[in-house]
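Presented as structure tokens, the chain that follows is alone, the form predicted alone.
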């Protein structure tokens, strides 16, 4: 009898230890809240197709990192305070040493974000898929791409006014460029504690381009302006296409050196494409490499959105400021488009100015859609692609300016 009691006690203690070590027993309310948020993001990515290529891995990374007892990522390894407390001068070296003995999978993947590897590689793939022909055919599109970055700097000032630090304000403002990799590149350097919230906001607003932009476009333009039919673009020579990425890289490197990493990789990808002599590299950069990096970037960035860093008033403020940044960027592009409409004698449709944000090619498609609503025979897509690809360069240059001023 005593033996049976002993066995039952041992069995009960084993069950108790299993329960105490389970996620059910250790689940905290804020972790449950983050898991529910990840479910919402997964729904938006899968059912509503909101930027699914990145929002889906971001949401799943968020799900994994907020599971109790999971231990897939340890953001304290990258905390400056924790690093200094242990006497390490080099945070990256410290992180590597800690990872060898204690790290989880996503700690290793996060090094690609921390060291600034993933965003430039994505820019390489974007460059390999981008046609700068419409921009070269109408160089004035550069003005529209530059104008659409106005929202970045306006929101930067607004975030400062609301009490964010300059580094945090810059990271929030860059959401206005509608460029997820650029937002991540800036934030990982200036305000890594906001990385999860800013990444979610940036990619959510990129997906909401067709919802956010049209009301602003219609509000700021007249029916006559929206009806403007633009002439056919000129043919761009192969020589122009090859020289463009080389010259842009040199000019950006001399004027804004901090933008060279992003712009240089963007232009390298484009040069591979336009040279016509590196088809295998183009296919790799725009397909296999970009897909692999996208998964690693999304999962590791999503994993930074833990309950401690995400469920704060700051996150709500970032989401609100992000949509303001995006709205200002859209509006400034349209207003400069109106100015060009006037100076060109009515030959430029101001709707293409909204495509100056970096969401390629979605923003250009929105310009086309709104234009055709007024005039079904109007085809603005290729004209809008000029400012759209200019916006990719513009957001990277804006990021470089902010990094140069603050880092």
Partner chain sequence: MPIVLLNHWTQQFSTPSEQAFLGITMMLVGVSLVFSILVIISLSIGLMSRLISGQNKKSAEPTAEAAKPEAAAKPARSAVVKSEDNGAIIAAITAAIQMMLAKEGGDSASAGFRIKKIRRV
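Treat the numbers as computed from the prediction; the structure is a model and nothing was measured. Positions refer to the first chain, counted from 1.
If you look for the form predicted together with its partner chain, you will not find it shown, but the lines that follow are about it.
In the predicted bound form, residue 182 stays away from its partner chain, with no heavy atom inside 4.5 Å.
Using a 4.5 Å cutoff between non-hydrogen atoms, residue 244 counts as a contact of its partner chain in the predicted bound form.
In the predicted bound form, its partner chain sits within 4.5 Å of a heavy atom of residue 237. Although the partner is absent here, residue 268 lies well away from its partner chain in the predicted bound form, with no heavy atom inside 4.5 Å. Contact annotation: its partner chain lies within 4.5 Å of heavy atoms from the stretch 144-152 in the predicted bound form, the single such stretch among 171-179, 193-201, 144-152, 276-284. Contact annotation for the candidate site: 140, 251 and 402 all lie close to its partner chain in the predicted bound form (heavy atom within 4.5 Å). In terms of contact with its partner chain in the predicted bound form, the residue from 255, 229, 115, 219 that brings a heavy atom within 4.5 Å is 255. Shown without its partner, the chain has 390, 393, 394, 397, 398, 401, 402, 405, 406 in segment 382-407 as residues with a non-hydrogen atom within 4.5 angstroms of its partner chain in the predicted bound form.
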